[in-house]
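In the form predicted on its own, a lone chain appears below as structure tokens.
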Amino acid sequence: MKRLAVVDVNLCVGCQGCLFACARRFGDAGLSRSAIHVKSAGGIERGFIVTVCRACLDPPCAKVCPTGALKPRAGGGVILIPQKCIGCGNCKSACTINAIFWDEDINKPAICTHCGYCVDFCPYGVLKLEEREGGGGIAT
């Protein structure tokens, strides 16, 4: 199973190409549905912070979902079942690295599916899709 990984955050220039690519998966032009975020670490000299799901093998976000809308994924992370999601936000609060973002338009979480679409839009090789051996979760 594959997962998205941040190879070297020091290579990030903050272009946000990965954010736009992620949101574009849904045919949107904005960033509201992006499951990856990039922000300044405090000025141009300090670089950037890239936040994306780290594919927890025992995801706390799935444990707190009252409707089972987050299904553990083989290799770590979760798959969102939108029809089951009631928009309670428990998953966002439970994420220990704040990697669950909120899509205000549909009142549901924007969670990385580890598809790797964003990787090709990073001109500096900050991101990569890496192989992870099974271990936890349910096959997708």
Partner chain sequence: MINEDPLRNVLYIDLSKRSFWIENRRDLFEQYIGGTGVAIKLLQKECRPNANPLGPDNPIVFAVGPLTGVFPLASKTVALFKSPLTGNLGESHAGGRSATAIRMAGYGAIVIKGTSETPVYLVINGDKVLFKDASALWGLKSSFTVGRIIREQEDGAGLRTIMRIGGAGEKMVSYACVITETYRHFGRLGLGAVFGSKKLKAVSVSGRRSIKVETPKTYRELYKEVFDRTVESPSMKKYHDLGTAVNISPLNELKALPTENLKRSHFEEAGRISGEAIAEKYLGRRVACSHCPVSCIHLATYREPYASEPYFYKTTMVGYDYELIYSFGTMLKISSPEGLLKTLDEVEKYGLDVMSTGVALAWATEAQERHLIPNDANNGAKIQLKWGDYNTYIKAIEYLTDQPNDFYKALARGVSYASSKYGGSEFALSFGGNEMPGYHTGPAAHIGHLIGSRHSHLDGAGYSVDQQNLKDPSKSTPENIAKALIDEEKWRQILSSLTICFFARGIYDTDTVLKTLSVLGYKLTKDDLTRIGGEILREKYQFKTREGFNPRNITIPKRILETPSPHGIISEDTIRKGIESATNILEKL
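It should be emphasised that the depicted structure is a prediction, and the values quoted were computed from it without experimental measurement. Positions refer to the first chain, counted from 1.
Omitted from view is the form predicted in complex with its partner chain, to which the following refers.
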message: How about Arg24 - does it come within 4.5 Å of its partner chain in the predicted bound form, if we only consider non-hydrogen atoms?
response: yes
- request: Look up in the predicted bound form whether Arg54 has a non-hydrogen atom within 4.5 angstroms of its partner chain, and give yes or no.
  value: no
field: 4.5 Å heavy atom contact, Ser32 to its partner chain in the predicted bound form
entry: yes
field: Contact label in the predicted bound form: Gly47 to its partner chain, heavy atom within 4.5 Å
entry: yes
field: Interface stretch in the predicted bound form with its partner chain - options 69-77, 83-91, 54-62, 105-113, non-hydrogen atom within 4.5 Å
entry: 105-113
field: in the predicted bound form: members of 49-81 within 4.5 Å of its partner chain, any heavy atom
entry: none
